[in-house]
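Next up is one chain by itself, shown in structure tokens, the form predicted alone.
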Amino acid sequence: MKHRIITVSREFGSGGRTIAKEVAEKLHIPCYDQELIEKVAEESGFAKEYIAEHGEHTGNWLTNAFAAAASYYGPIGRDFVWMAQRKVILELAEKHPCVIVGRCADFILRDRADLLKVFIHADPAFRADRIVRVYGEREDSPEKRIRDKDKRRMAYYRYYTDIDWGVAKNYDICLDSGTIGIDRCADIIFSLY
């Protein structure tokens, strides 16, 4: 079956968001990234800032410990965000072809025959340079920021899917944007649609 939906999971700084947008433009279909945050905020009633922070990351070990204890008694805020996010992603995939960035969309839509699951990664040096040059990050240690961000994404993904994030066998294709290049990654994904 032809792919209608593309999910793009990515390491921080690898250019996954840029690649996803470029693919969507080439295909003339919507790309949901920040737009997804707005839709989940509408669905859940939570502020966009809360969704942006809790829709793809878990907190630190202390907030996770409190959340685990509180969740014993029922869903907590981030669980409601997860449920709203899941609902919005399922609705968007039913509505029309699209590209969806992150937010466990590859897992949520895993049973669809028309899904192409992509993972974008790159060497840490490439990503560190990119977050300083493109994102404007000016921290003393962009490498530490990358490790922290990826670690939080990994923990979030594991918490809600019970699957390891970034493991090649969980995706249809994994591309190294540092080696292949941002534009070439987009071309490859486009060719698979």
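Just count from 1 along the sequence shown to find any residue number. As the structure is a prediction and not an experimental result, all values here were calculated from the model.
One more form of this protein exists, namely the form predicted in complex with a further copy of the same chain; it is left out here, but the text below deals with it.
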Site check R4, I29 and I37: each within 4.5 Å of a further copy of the same chain in the predicted complex by heavy atom: no
Candidate stretches 129 to 137, 29 to 37, 44 to 52, 160 to 168 - the one whose heavy atoms come within 4.5 Å of a further copy of the same chain in the predicted complex: 160 to 168
Contact label in the predicted complex: L175 to a further copy of the same chain, heavy atom within 4.5 Å: yes
Contact of F107 with a further copy of the same chain in the predicted complex (heavy atom, 4.5 Å): no
4.5 Å heavy atom contact, E22 and a further copy of the same chain in the predicted complex: no
Heavy atom of R86 within 4.5 Å of a further copy of the same chain in the predicted complex: no
In the predicted complex: members of 106 to 126 within 4.5 Å of a further copy of the same chain, any heavy atom: F119, H121
